[in-house]
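Take a look at this one chain, the form predicted alone, written out in structure tokens.
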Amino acid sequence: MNDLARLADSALLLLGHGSTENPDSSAPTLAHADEIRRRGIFAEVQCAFWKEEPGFSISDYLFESETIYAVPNFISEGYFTREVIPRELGLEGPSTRRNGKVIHYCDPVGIHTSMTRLLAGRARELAPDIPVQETALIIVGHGTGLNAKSTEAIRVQVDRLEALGLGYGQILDAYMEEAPFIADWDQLTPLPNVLVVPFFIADGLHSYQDIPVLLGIESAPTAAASQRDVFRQNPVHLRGRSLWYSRSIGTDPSLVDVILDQVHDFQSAAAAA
């Protein structure tokens, strides 16, 4: 992140989904906001959520600063980033002046090129000592016909990971609700070691309930991620393989730098326009 001094009179608004059912949903967004606040880059740092308070529609009233950078803490472009957030914030384009403030609307964190670095780092941390040439790395997402951008974001990350030359025997994408299915993980690769990294912002219902059941780690959905040890059981020996399962990539503390990268990229694009 460059030119941090230029942000000293500006505010950062982190936009998350939130949940009325999952106690862990908003935790990463709040934690990343705390860390950015600690660094003293912005005059103000606040969060707003779709399913929790404060809501999107009142988010600009949270600030005294006249300039606000709004960053969606979402994994891909789609319904929320293209329709819900712009509607709720009253946005008219990349930059919108309203209520005496200017809101700069940045891209969602999940599509930034630096997310690839996080995924590679998470895979290394997950199983640092195994031979990578005998290992398949699977990036798993939801998959749905309602949002093709979600699937596209994962496929782009897989291509970028392959381009890094990390040495893994295979790097694959898989999904909960469309082919290739994560439930068939052992059929997707013949390799003896399999790393599975969920491409989600938070350890929500999908990552701590649904995917462990699809993988075969659990027989039925259980308690919230913060109340159980599913991410600390690695490796699990299933179907003749050694399987490592990670927490969602959005929980990585380094996502803070991706958020700041999106703000920097917005500034650079605006300066070049």
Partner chain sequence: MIATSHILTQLTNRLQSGPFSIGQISVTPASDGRVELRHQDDGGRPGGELESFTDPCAARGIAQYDAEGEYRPLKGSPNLKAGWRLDLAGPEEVRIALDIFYPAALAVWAADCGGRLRVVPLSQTLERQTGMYRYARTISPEGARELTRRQCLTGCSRRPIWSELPVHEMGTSGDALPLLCPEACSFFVAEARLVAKAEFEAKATAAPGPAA
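What you see is a predicted model, and the numbers here were worked out from it, not measured in a lab. Numbering follows the first chain given and starts at 1.
Below, we refer to the form predicted in complex with its partner chain, which is not included among the displayed structures.
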item: Any non-hydrogen atom of Gly216 within 4.5 angstroms of its partner chain in the predicted bound form; value: no
item: Close approach of Gln233 to its partner chain in the predicted bound form, 4.5 Å, heavy atom; value: no
item: Non-hydrogen atom contact Pro54 with its partner chain in the predicted bound form at 4.5 angstroms; value: yes
item: Contact test in the predicted bound form: Leu30 vs its partner chain, heavy atoms, 4.5 Å; value: yes
item: Contact assignment for its partner chain in the predicted bound form, among Glu177, Asp184, Glu125, Glu83, heavy atom within 4.5 Å; value: Glu83
item: Complete contact of Thr20, Asp34 and Ser65 with its partner chain in the predicted bound form (any heavy atom, 4.5 Å); value: yes
item: Stretch in contact in the predicted bound form with its partner chain, which is absent here, among 85-93, 166-174, 153-161, 106-114 (heavy atoms within 4.5 Å); value: 85-93
